[in-house]
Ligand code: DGL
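Presented as structure tokens, the chain that follows is alone, the form predicted on its own.
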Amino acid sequence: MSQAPIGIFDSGVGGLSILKTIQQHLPNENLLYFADSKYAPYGQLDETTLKQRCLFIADFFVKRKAKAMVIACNTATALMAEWLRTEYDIPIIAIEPAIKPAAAMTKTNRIGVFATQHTLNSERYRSLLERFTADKEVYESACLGFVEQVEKGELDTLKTISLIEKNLLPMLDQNIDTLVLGCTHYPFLSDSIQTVAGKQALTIVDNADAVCLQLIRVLAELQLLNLKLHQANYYFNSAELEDDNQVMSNLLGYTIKIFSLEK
């Protein structure tokens, strides 16, 4: 069972930012990645449709005997993680915006949060704010269009820079010094975000390392860490897009083959 794969899913290509971190820390693990690009962004889905997608993907992983599942999506975590844990008996590692470390890092006590509207509206997110930012000012943006730009692989085009300016500059005017990326697509825009910030000091925080550490803890407790050599990773996408292979390969930094799974 320790050699069984780990299933990782997101509304699209964003969860590759989590997969890359898992590969760095757990190079022996075999991974299944499911990009649900046909339904991206999850932040604009109604809860019924989102539940159907999460069920379909979880079943997909279980049928392929995944030993654990990583929800590499803040929206799916915020709305579906606890419910999924009642439906499946495999370990489920979820993700949440890095509010706690951001609160510890800020020197101006002013924090920016980029996330989807579903995440910003969720009880899980609001609980994080209540616990860790009582003495901080928090500025939020739903960042409409960010996910779509990353899905197209347009990380630094004029349109992408313009979208970042629209969402970031008002926060910088409020003297934020720390920015939480509360969607796994957004770390791929980190360089462009820093370009827009320019000389204004800005610390960007995401949660990839925290997710990976939790995954390691869970697998170790269950004696499921793969101590043998890595065998293979497999990549799936629900959308039939000609440029998916190129976009996902570019984001990972190496060439992959994607299996289309339309449903």
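Values in this document were obtained by computation on a predicted structure and should not be read as measured data. One rule holds for the numbers: they count along the sequence shown, beginning at 1.
Just so it is clear, the following notes concern the form predicted in complex with the ligand, a form of the same protein that is not shown.
Heavy atoms within 4.5 Å of the ligand in the predicted complex map, among the stretches 105-113, 131-139, 182-190, 161-169, onto 182-190 alone. Mapping the unseen interface onto this chain, Phe34 falls outside it, with no heavy atom inside 4.5 Å of the ligand in the predicted complex. When contacts are judged by a 4.5 Å heavy atom cut-off, Thr178 does not count as touching the ligand in the predicted complex. Ile93 falls outside the set of residues with a heavy atom inside 4.5 Å of the ligand in the predicted complex. In the predicted complex, none of the heavy atoms of Ile99 sits within 4.5 Å of a heavy atom of the ligand.
Contacts of stretch 132-167 with the ligand in the predicted complex, defined by any heavy atom lying within 4.5 Å, are made by Val147 alone.
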